[in-house]
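What follows is one chain in C-alpha cells, specifically the form predicted on its own.
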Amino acid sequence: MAPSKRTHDTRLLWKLDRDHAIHPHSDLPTFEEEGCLIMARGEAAYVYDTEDRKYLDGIAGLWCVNIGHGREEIAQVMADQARELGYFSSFVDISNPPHAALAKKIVEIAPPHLNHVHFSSGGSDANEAIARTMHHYFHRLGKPSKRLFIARIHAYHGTTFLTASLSGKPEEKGAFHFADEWVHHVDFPGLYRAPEGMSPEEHLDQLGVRLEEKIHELGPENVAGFFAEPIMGAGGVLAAPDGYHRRMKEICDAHDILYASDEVVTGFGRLGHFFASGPVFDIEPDFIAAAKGLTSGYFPLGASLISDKVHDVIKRPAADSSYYSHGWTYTGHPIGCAVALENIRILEDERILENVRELGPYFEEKLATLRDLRLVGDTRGSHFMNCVEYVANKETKALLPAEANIARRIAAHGQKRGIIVRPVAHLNILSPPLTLDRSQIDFLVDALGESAEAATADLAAEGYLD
C-alpha cells in the first residue's frame, strides 16, 4: 500500500529545521546558509520530498532500510505491540516477550559460538557495550591492566565519547576531544592507496606487521581489544585483502586480545548474509556489534553479541560484585524487538539475502563502468555496499581541493536526476535497500555517471580542471 500524501509547507519546514535542528556531522556555517532537503515519505526503494519529488534511495536512509520503505507489516507490528506493551524496564529481573524471542532468534542466525545478546539503542551503544564488557571480562580474569583498545585509521565505530575515539576518520578529529590514552590506531586496509606495485599479499603482511608492532609498543598485557568493521563503511568502503581478518584474529588470539567485529553496516544482509564474519570472512569474533539493518531503521535498536568464552567468565560469582553494571533505559524495548523480529521474518520469507547474493556482483560490475569517467579514480565495495572515489589525476591519484566539494556537487546533480547518494569528502557512497532489481541498479549507476559528468563540466568552467 502506497503511503498517504500530505500537504506540507516546505518553506516553513525548511526554516524551522534550519533555525532549530542540529543535524549529525553537518557543516554548521553551510547549513546556516543552505538548510537541507526534507523527506516526507517513502515507498519501497524510493523516497519523496515535501514537494513530492521522487528519488531512488541510494543509501537506504543511512545503511539502514534493508527491506525498503513503507512496509505495512512493520507499521502493523509497531501498532500492535504499542497497544499491548509500549515499554517496560528490562532491568535485573523483568523482561518482555519480544525481548526474549529476539535474543533467541539472533542466536539462531549468528555464528554458533555467539549465544548471548545485549540490546541497546543503536550501533554506537552496541560498540560501547562491547568495550565495557572487554574491561569487565579482564577484570574478572584478574588482568585489570588490559584496558587499551586498538582500531584502524578511517574506521567508524560510533559517536559516544569512547566509540568516537575508536573511530579513526582524520577529518573528524579536529575540534573535539577524544580518549587518546585508551584508544590507539593502526594502518587501514585499502589497496587503491597502498604503495605503488604492492601486491595484496604484501599489503596483508604489512598490515599484520603494523598490528604486531602496535601491540608490542603498548604492551600485550595492557591491550584489551581490537575493533574492526568487516568492510570499512563511512571511512570509504575499504575492503581488506583476502585473509586479513583471519590474520588479525590470529594475532589477537596470540596476545590474549579480544576481537570485536563491527557489523553495524554489514549485518542483516548488506553482503548477502545475516552476519558476514563467518560466511564471508571466515572468523569467529569474540563479539559482533549490530544495529541499522536489525530493524531496517524503523526503530532505534542495537545489539552486542557476546561469545560463550566471554560470557562464561563474566557470569561467574565475584567477591567484589557480580553485577553486569551496564545497560540503558531502552535495553530490550518491546516495540524495537517486535520490529526486529518482523524485519528478520521479511528478510527470510522474501529471500532478500538471496537477492543481494545474486545481484551484488552485477552492482559491482555496473559501478566499475564509471572508471572510464575523467574524475573517477576507483570504484570498490561488495554486493550492496559500494563507493566511488574521485581524483584530479588518475595517475598520481591526487585529490581535488576540498573547496571543489566534488562529492557534494555530484550528489546535488544526482538529486536533480532522481537519486540520493551519500557525499563524504571525495567519495560517493552507495548502500541502497536490498530489494533493488537490475533495472533500478542500472538507473542508480547511470544517473550517478551523468551527475559526475555534469560536475566535471562545472569544475572545468570554474578553473579547477585543466
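Keep in mind the model is a prediction, meaning the values are calculated, not measured. Each residue number is its position in the shown sequence, starting from 1.
We do not show the form predicted in complex with a small molecule, though everything after this point is about it.
Pick from Gly381, Gly269, Gly336, Gly158: which residue has any heavy atom within 4.5 angstroms of the small molecule in the model of the complex? Partner contact (heavy atom, 4.5 Å) among the options: Gly158.
Residue (of Asn127, Gln81, Asn386, Ser165) lying close to the small molecule in the model of the complex, criterion heavy atoms within 4.5 Å: Checking each option against the small molecule in the model of the complex, the one that comes within 4.5 Å is Asn127.
Within 4.5 Å, heavy atoms only, one stretch in 388 to 396, 315 to 323, 115 to 123, 85 to 93 touches the small molecule in the model of the complex. Which? Correct option: 115 to 123.
Check whether Lys292 has any heavy atom within 4.5 Å of a heavy atom of the small molecule in the model of the complex, and answer yes or no. Heavy-atom contact with the small molecule at 4.5 Å: present for Lys292.
So in the model of the complex, does Val265 come within 4.5 Å of the small molecule, heavy atom to heavy atom? So Val265 counts as contacting the small molecule.
Report yes if any heavy atom of Asp286 sits within 4.5 Å of a heavy atom of the small molecule in the model of the complex; otherwise report no. Outside the cut-off, so no.
Please run the contact check for Glu229 against the small molecule in the model of the complex: heavy atoms, 4.5 angstroms, yes or no? Residue-level check for Glu229: yes, a contact with the small molecule.
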